[in-house]
Structure formats: structure tokens, C-alpha cells
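Take a look at this one chain, the form predicted on its own, written out in C-alpha cells.
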Amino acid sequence: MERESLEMDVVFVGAGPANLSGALHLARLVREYNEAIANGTRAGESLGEIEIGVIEKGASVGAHILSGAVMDPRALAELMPDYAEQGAPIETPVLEDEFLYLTKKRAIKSPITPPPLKNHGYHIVSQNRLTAWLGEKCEEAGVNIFPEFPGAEMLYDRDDRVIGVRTGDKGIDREGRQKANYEPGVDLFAKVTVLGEGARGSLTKQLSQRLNLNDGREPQVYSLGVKELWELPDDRFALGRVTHTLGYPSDTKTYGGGWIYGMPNRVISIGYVTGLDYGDPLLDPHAEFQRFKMHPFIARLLNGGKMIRYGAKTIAAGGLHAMPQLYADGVLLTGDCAGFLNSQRLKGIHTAIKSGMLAAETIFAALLAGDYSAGQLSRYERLVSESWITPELRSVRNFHAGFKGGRWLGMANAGLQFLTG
């Protein structure tokens, strides 16, 4: 089959916070280096024009990301110190935290908020708007954004080095037959391909199996977060309030918990996370969320409101020990597909952004060296281990595993982990 091909220097697969931050940071590193060569403040040869592309399966950047998350701004401030002045779509700062334990009928407010769930100084953001804004910044920096280009398979040379990615064919019916508007996918060749396609991404699974990136690592464990956005009829839930819940509807043996975030215009983000290592074969995470909404406290909150968006997301909760090897010949892994989530804090945007930046620094060094081998790209794992990501993830490395014995033992383990680091 004749396929169109396109030569790039670097291709980022997936337009999430990790890859967009990586593409933006790389474009700036290259521009600053070339300018330094041009004005004589640095010796060496210019890299010239480096073609950086980001492919995204959605119709636009952010189309597959549902709004409503609490973001630690640490990494965004490193990427762009003046992010607020540049118009980053911050919905509201976190103004109030509360932690509730739900019984079947009651909501008991804890007199103290567990330290990992304190969000003072953080921002409630619309991830949809944040990624769209990062996409705009990338385009301003000369990065090529290709929406509606899903990655379908990795491209390898005869020595199993990654040399790019093939995008999905278009015009295929549900039986896999070609329709009249059939278009074959495009082969995007690159010196380095960066996978940032989210948790349990199809290309990451293919790559990990072929190159044995999970050898010697703990098996990844997953949770499912089901989320909705509701527009309330009045100001019954305060702007900037962050509420986390434990207890109902999960039984004491099932890992689970809920959240409610107060956003502008009387909109709340509400959701429930269920660990997919549950023992009850009849349990349905989506049904658990519906039961959560029927709790008297939640039902009163939603009464008279209107559900305006909904979705669900897989969460890689295995932590540091379950992270795969982050590099191979010609390829790096960033964000959720590499397991950078802090499951105790329920936060991964900041670690995703930072992982993208460190990937960019690794690629920049590879471009200078003209070497895209696993040996050169192993620098990425070293940068990750030397950054603030690793101490943060190491301190919560056993958080999810601590709940294997049930809720109460898990809470005790979590407390001990927080105290001992």
C-alpha cells in the first residue's frame, strides 16, 4: 500500500500536558541555542530548523480531556514563570479544603484535613482549556500540531529501533472494510518519538511488550475515575472549595473515594474513583458513582442542578515501582503512560509537565550529540531521578498497595508513610 510519509525531527504522540510542555520546552531550547550561536555567546554549530510535531487523536487539542482538576502549579511555573500574565486558564485558586467520611446516610466532616489532601496554593483548572492554551503556545513557538491524527502503530527498523509512528487509517467501517472515503494513515518518521498518550495507551502497550520495558518492574495497577460537571442553581457550593470523601459507597475492602471541586459560574466537578483491583466480580465503577450521587449529602447538593458534561479516565496508580523503563532506542515515555501520577495526592498534571520538560532536555542533548540511541536517551531516567519528581513519588510508593488489606489498614499505612517518607 502506498502511504504518504513525513520526515520530522521529533514527534510527540498525544497532546496532553506532558507532551505539549515537552514540545514547547524543546522548541525554546533549540531557539535559544541557535540564537546564542548566531550572536557568538556560545561556540558550536547551529542546529538549524528542528521540525517538532505533536499528533492528537481528538478533533482539537483538549477535545478528549474533561475539565475540573486541582493542579500543583510548581511545574507550570518552571515551564513558564509568567504563566498567569500569559493568560493561563486558571479557574480559581483553592480557597477551602474539607475531608468528609460518608456513611450510608451521613457526611461526617473531619476536624483536620489529611496533609496530602491540603491544596492551599494550588489551582482548580479546566484541563480542557489548559491543554488548548498549551497547544496555542506550542504553535506560537513553531511546533506543528496535527489534530485528528491518532497513532496506530510504532515504526521500527530491522534492529528494533523506533523510527517513528504510523497514524490510523481513515474511512474504515465497523467491520474493518474500506469505505469510499478511505485514506491510509501517514508514516511520520522521526529521530525521537515521545509517547504521552495517557494511561494504558495502545502504542505504549505495543512498545513495552516488544522491547520488554516492564521487565523487573511491578505490575501496574489501575483505578477508574468517573467524572461529571454540574451547573448548580445557586451558590450552595463555594467557589474554590475542594472536598474529598472516603467511605460510602465503597465497602471497606474496596479502594475508592470521591471529590467535589467548586469552579466558576456555579459549576462543580464531581467524581468518584474506584480501584480496579476490587474483589467483588459484580462491582461496576460507573454504578458506584451513581450510588455516590444518591447519598443524601450529594443528592442535596445536586438537587435542581444540571449535568453538562461527563466522562471517565483510567488512572495508573501503581506508583514508582510500577513505572516502566522510560526510554529505548529512539523513544521516550512521558506523563500518565509512564505512571507519573501521585496517587496519594490524586495529582499528576505537575509531574506530567515536568516529565515532558525533562524529556525535552534529553532530546535537546541528543540533537547536539547526533545520537538517538538508548544509551544517549537513558539520560532521561537520570534527569527524572535527580528531579523533585522521584522524591515525591518515592514517598508515596506504597500508598495503593497499603490498601490491599482494606480501608482501615490502608489509612494507617498511608499515615505511617506520610510520617516516615
Partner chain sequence: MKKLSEYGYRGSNINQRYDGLRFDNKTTFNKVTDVFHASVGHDEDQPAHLHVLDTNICATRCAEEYGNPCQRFCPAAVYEMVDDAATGKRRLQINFSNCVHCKTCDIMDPYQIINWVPPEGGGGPDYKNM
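Remember, predicted model here, so these are calculated numbers, not experimental data. Residue numbers count along the first chain shown, from 1.
Although it is not shown, the form predicted together with its partner chain is what the next lines describe.
Taken together, the three residues Asn212, Leu346 and Thr351 lack any non-hydrogen atom within 4.5 angstroms of its partner chain in the model of the complex. Only one of 134-142, 232-240, 319-327, 171-179 lies within 4.5 Å of its partner chain in the model of the complex by heavy atoms, and it is 171-179.
The partner is absent here; in the model of the complex, the one residue of Leu246, Leu207, Leu188, Ala199 having a heavy atom within 4.5 Å of its partner chain is Ala199. Only one of Gly262, Gly258, Gly339, Gly151 lies close to its partner chain in the model of the complex, with a heavy atom inside 4.5 Å, and it is Gly151. Proximity of Glu228 to its partner chain in the model of the complex: non-hydrogen atoms within 4.5 Å are present. The shortest heavy atom separation between Gly87 and its partner chain in the model of the complex exceeds 4.5 Å. In the model of the complex, its partner chain sits within 4.5 Å of a heavy atom of Leu224. Looking at Ala59, you'd find a heavy atom of it within 4.5 angstroms of its partner chain in the model of the complex. Along 279-293, residues Gly279, Asp280, Pro281, Leu282, Leu283, Asp284, Pro285, His286, Ala287, Glu288, Gln290, Arg291, Lys293 each place a heavy atom within 4.5 Å of its partner chain in the model of the complex.
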